[in-house]
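Below you will find one chain, with nothing else, as structure tokens; this is the form predicted on its own, and questions on how it binds or moves follow later.
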């Protein structure tokens, strides 16, 4: 019998497991893939997370190859650009590297980790949960955290309404090398018809190129290479990158059904965190920071139950309150901004307008970024 079972070994799951284990709880973490592995994401993390990493996880990403990012470039499909400073800034580091480092910290903190383990079902009994897996049989825990990402078969088994809300978006990710085209401290958002592409540096001179596209683009193109040539490369910046870059992987990573709709924070007794609880649009560049922050919120609430004798109902209400306080506005703004991006006409107007209104542009950036959240409620 574990105190906590964490289902999903991404940033939110690993960070939650580490915090709870360091506080003395018996924690098991279940991840369906084998570490280390790549994930479809932009690999830019806001510096709002750095005090948390250092203080709560005893981890400094800059000791492990992370690259500082403090400049933003946005281009319209036609090639109009705006360059802005990122006052808070962020850092770039690959998920392949970062998740593996956090996995080792989790193990050193006492977390039992089963990777290559698919969770088939989570069922709440009277006083505990039973987690049915394909490799470890049935595991039992007092509480369960769902941190299984953007979309999972567990969403179906938990009968979450968000699982049945079809999304028209696909995500595609490459790792590339490209000389003398981008600054190492820059993140770029290049727009194209019904989509946008983010590019920023990670460790060892590699750049992460990750884009979101409407599914109809792929349907019309027939395959990913044709999509990239016929749609993305109409943006002159993306054309240069795709023609001049060295692509590290033979094939990109692809995911379907990326949804930004509202989600619940609890299903069938399972507390939800990270992308499982709500996902900001990628162009705002803060999905990973939000996942890390949410791990802090959920861990604090759960520790109130185990260490301060709060009832689960009261602790969850506090978690829900803090989630809404810190994330609801960011999610709403992200969804509204996304409606403009991917539309060539609107994006052109937005980029041209923001060039003459730097204070407005800076305010939009601030609204989609958080602040140092450590010890703040």
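Numbering follows the first chain given and starts at 1. As the structure is a prediction and not an experimental result, all values here were calculated from the model.
Here the subject shifts to the form predicted together with a small molecule, a form of this protein not shown in this document.
Heavy atoms within 4.5 Å of the small molecule in the predicted complex are found in exactly one of 101-109, 226-234, 77-85, 115-123, that being 115-123.
Although the partner is absent here, residue 287 lies within 4.5 Å of the small molecule in the predicted complex, judged by heavy atoms. Contact between residue 44 and the small molecule in the predicted complex is found at the 4.5 Å heavy atom cutoff. Proximity of residue 185 to the small molecule in the predicted complex falls outside the 4.5 Å heavy atom cutoff.
Among heavy atoms of residue 252, none comes within 4.5 Å of the small molecule in the predicted complex. With the partner removed from view, the residue among 189, 154, 202, 241 that has a non-hydrogen atom within 4.5 Å of the small molecule in the predicted complex turns out to be 154.
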